[in-house]
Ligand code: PGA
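In structure tokens, the next block holds one chain alone, the form predicted on its own.
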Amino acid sequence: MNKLIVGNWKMNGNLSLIDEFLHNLDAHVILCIPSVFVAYAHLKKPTLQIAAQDCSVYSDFGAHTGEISAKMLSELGCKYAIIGHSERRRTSNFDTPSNVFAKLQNVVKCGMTAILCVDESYSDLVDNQTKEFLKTNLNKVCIAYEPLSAIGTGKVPSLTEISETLSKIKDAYFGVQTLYGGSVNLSNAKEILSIELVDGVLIGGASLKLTELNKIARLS
């Protein structure tokens, strides 16, 4: 079974890049594109595995200007959603542990799989409600370990360090799928994917390079 290959475009891309990927992307890659492109991509290629980069803390429709609910994203074709990415935790006081838990619930309730991001201090980012929720929804959540020291720096922890951290996560939530993210690229992906406890990778900048992303996917 292929390991999960998740490409997070962040706030990048345009329609021409979307078209290029729709025609040539490896079939089992999960693509996290900006929400404004989700409907376009799904209509042009319904088989594309799309992930949202975030969702609203609000579960239903209402007077929440600028918010995008998990329900809306699911209806547009998203099968996954990233929750609690470190960039959002650092730039928004709104992504508190309790609000991340609310988003997590919303995603799972809509039938999507949540990709819950944590870093070196993962235990501080997961409150008691989230811990209990994870234990009863392990088949609907992936935990992505993204050490802050590796995000955008080109520096990746040793394979031993990655393995030790994922081991602690899997011990706490037996059976959960764990991803590694942080400066993943073609030069280090093979080694990272070779770690037994790594069930996949969450890729940032390299996911915007079609050839490189496809080559990483073929390693899995």
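Note that the structure is predicted; figures quoted are calculated from it, not measured. When you see a residue number, it is the position in the sequence shown, counting from 1.
Same protein, other form: the form predicted in complex with this ligand, not shown, and the subject of what follows.
Name the stretch, out of 43-51, 177-185, 160-168, 22-30, where some heavy atom lies within 4.5 Å of this ligand in the predicted complex. Of the stretches listed, the one contacting the partner is 177-185.
Taking the shortest heavy atom distance, is L193 within 4.5 Å of this ligand in the predicted complex? Close contact is absent here: in the predicted complex, L193 is far from this ligand, nothing within 4.5 Å, heavy atoms only.
Given that the partner is absent here, does G13 sit within 4.5 Å of this ligand in the predicted complex, heavy atoms only? Taking the distances in the predicted complex, the answer for G13 is no, it never comes within 4.5 Å of this ligand.
Is V108 one of the residues lying within 4.5 Å of this ligand in the predicted complex, judged by heavy atom distances? Heavy-atom contact with this ligand at 4.5 Å: absent for V108.
Proximity of D119 to this ligand in the predicted complex, heavy atoms at 4.5 Å: No, D119 is distant from the partner.
In the predicted complex: members of 142-163 within 4.5 Å of this ligand, any heavy atom: Heavy-atom contacts within 4.5 Å come from E146, A150, I151, G152.
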